[in-house]
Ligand code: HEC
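Let's start with one chain on its own, the form predicted alone, as structure tokens.
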């Protein structure tokens, strides 16, 4: 009922654009927002020299940055079909949008407080500065680079046509972690579990590498055409590599080192085919997978005979298991720690001559098929990408 109640309030807000006032005494206790994840980046004015806060506006000069950003999942943080499906659920509270459209300018309503501290009873008003086009850009340039009527950059150059200030501390990994480390038990049946920041802090690289050094690789290039090369960073924000739409591409950063074992040139009847696949979290400073607890890897072996018939298959999984109802809790977690390695073994006794094919595949998954069907995600929503895919010919004499 609370979810329905909130939707009714939203409909009222569209029509009136005024504060909601509850006359019954039980609604008089309106508490302020206290948790960081309940709050949005306050209204940002357009800096002098710019016409809007849109990424497209920035891309008029910062052309390469803009093209890279369009490949990123940041650019589809709001339009992501999975996120939109989750948002429509009654159990979805208002603050889920604060990481996906972090600027108040992008949000249709302003949350003033919570009735009795209840996240499902926010006191809201219509946002007079709501920019629907800006909303569609999700996490855009202004999300990270615009504060207090200025563009925040690494150099604070005075050559830019807009006001620019230098603040490398603000543009540090702490800005990334403000969204990529959202951990909270929101309600008995709803938890936010994005622990990448904590994983990095507890890992072996916290003093040497950070989010930016890995996910925004340094490069020498022109920031603006015609102004010469200088140090910059790629803005693909390479990550899972699973695109949000099948018509798009994105940049992958696996984190894994995958090492297959050797097979014999020939086997005899009664021999066992033995194969090992070593998988190591060799390149990531956090667990793999990380972020959304529904992500996982599948390691599958499929053995076929010379008629191309599957005679044996086996599968392993790397990821978390959660129970979401009646009370949310993590059941298991076998994510790979930084530098952790694990072996996935295949064994099969062959008692018939012929040629066999062993397919070895590692795939990275956004969520499982059952969850995708529950959320009514279509075939146009990519659920996985291949990470390793090899087929080996095996001769049995």
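Residue numbers count along the first chain shown, from 1. Quick caveat, the model's predicted, so the values are computed rather than measured.
Unshown form predicted in complex with ligand HEC; subsequent notes refer to it.
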{"query": "Proximity to ligand HEC in the predicted bound form (heavy atom, within 4.5 Å), stretch among 312 to 320, 137 to 145, 108 to 116, 264 to 272", "finding": "137 to 145"}
{"query": "4.5 Å heavy atom contact with ligand HEC in the predicted bound form for all of 92, 180 and 238", "finding": "yes"}
{"query": "Residue 66, heavy atom within 4.5 angstroms of ligand HEC in the predicted bound form", "finding": "yes"}
{"query": "Ligand HEC contact in the predicted bound form: residue 50, any heavy atom under 4.5 Å", "finding": "yes"}
{"query": "Residue contact check: residue 61 to ligand HEC in the predicted bound form, 4.5 Å heavy atom", "finding": "yes"}
{"query": "Partner proximity in the predicted bound form: residue 158 to ligand HEC, non-hydrogen atom cutoff 4.5 Å", "finding": "yes"}
{"query": "Contacting member of 104, 187, 210, 300, with respect to ligand HEC in the predicted bound form [4.5 Å, heavy atom]", "finding": "210"}
{"query": "Contact residue in the predicted bound form, chosen from 86, 306, 133, 249 - any heavy atom within 4.5 Å of ligand HEC", "finding": "86"}
{"query": "In the predicted bound form, residues of 95 to 109 near ligand HEC [heavy atom within 4.5 Å]", "finding": "95, 96, 99, 100, 102"}
